[in-house]
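Listed next as structure tokens is one chain, alone, in the form predicted on its own.
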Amino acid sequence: MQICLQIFFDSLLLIGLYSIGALGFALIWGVLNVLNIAHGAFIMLGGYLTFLLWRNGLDPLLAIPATMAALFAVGWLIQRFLIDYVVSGPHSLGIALTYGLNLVLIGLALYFFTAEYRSINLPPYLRGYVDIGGAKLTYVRIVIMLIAFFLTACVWWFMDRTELGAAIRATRLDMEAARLVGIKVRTIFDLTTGISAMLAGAMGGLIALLHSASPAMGDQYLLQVLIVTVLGGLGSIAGPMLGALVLGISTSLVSNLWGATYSTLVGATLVLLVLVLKPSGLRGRAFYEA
């Protein structure tokens, strides 16, 4: 019973974190058709910015929305002055640009922060834990799960219930038709990259609360986000969420039963199975495969 509860709690945490990271990654990939390798650097920036805000006296939980706002601005500017110039070009150009941007941001982090891990000292109200059936669930994990699921619900509501969300979905489906009905596609691109960076920043900030911030943290979690996106497929909000559910449960199960070493193989194995059996992903649509 105890091990089942521990697996369940660990799964919820991973599902929440993977969901917000994968939603941002899938959003820019689906709308702009750009594989944004710099998404990992955005995660890393979110972790460091949360750490800096805490070190300058801000409560770590209040630092999360501030981090998200800052990353939204960073994403908007990067889209307007960099990515916008490669959107209509070959896919390889977008990958090369975002990969180079990722290296530059990691290099800057190494220069200003060195390779040292930067940890946040949690306030007293986040340091305790609850014991449920022998499984320990810390307060900070509960808060992180609640924030992650709240952000996921907000993204779903925004995309499904607002005019801007409808404009993003229309641009994703047919860019030229969106232009014909008066949608400003360039503004939609800016907004999409801003939201993507904002969600990555939230993921990085939450990870910094749970573990620590380091220059390499983005690349580590970018791999997980990419696996989740491939598993779920493009074309709907449910795709990345389903991918996060599958990877989160599988990773937690293997990690708790056989150790963290074997859990690293879970993602690769699942991706291979999905690519063989259903290349568009579990919830992906055929016209997003190209």
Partner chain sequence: MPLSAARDRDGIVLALLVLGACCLPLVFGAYGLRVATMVAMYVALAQSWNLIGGYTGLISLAQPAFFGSGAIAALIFLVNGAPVWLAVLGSLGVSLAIAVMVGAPTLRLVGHYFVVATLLVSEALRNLVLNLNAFNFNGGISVNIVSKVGLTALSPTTYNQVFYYVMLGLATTAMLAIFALERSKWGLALRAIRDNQRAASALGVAATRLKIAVVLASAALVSLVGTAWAFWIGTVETNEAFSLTLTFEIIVMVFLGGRGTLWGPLLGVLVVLFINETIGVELAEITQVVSGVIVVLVVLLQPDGLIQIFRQGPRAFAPKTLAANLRRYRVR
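Source: prediction; values computed, not measured. Positions refer to the first chain, counted from 1.
Beyond the structure shown, there is the form predicted in complex with its partner chain, which is absent from this document and is the topic of what follows.
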Mark residue 128 yes when one of its heavy atoms lies within 4.5 Å of a heavy atom of its partner chain in the predicted bound form, and no otherwise.
no
With heavy atoms only and a cut-off of 4.5 Å, decide whether residue 143 touches its partner chain in the predicted bound form.
no
Taking the shortest heavy atom distance, is residue 271 within 4.5 Å of its partner chain in the predicted bound form?
yes
Just to confirm, residue 88 within 4.5 Å of its partner chain in the predicted bound form by heavy atoms?
yes
Have a look at 118-126, 68-76, 91-99, 205-213 and name the one stretch with heavy atoms inside 4.5 Å of its partner chain in the predicted bound form.
91-99
Heavy atom within 4.5 Å of its partner chain in the predicted bound form: which of 34, 64, 247, 27?
34
Tell me whether 108, 111 and 230, taken together, all sit within 4.5 Å of its partner chain in the predicted bound form, counting heavy atoms only.
yes
For a quick check, can you give me the residues of 129-167 that have a heavy atom within 4.5 Å of its partner chain in the predicted bound form?
none
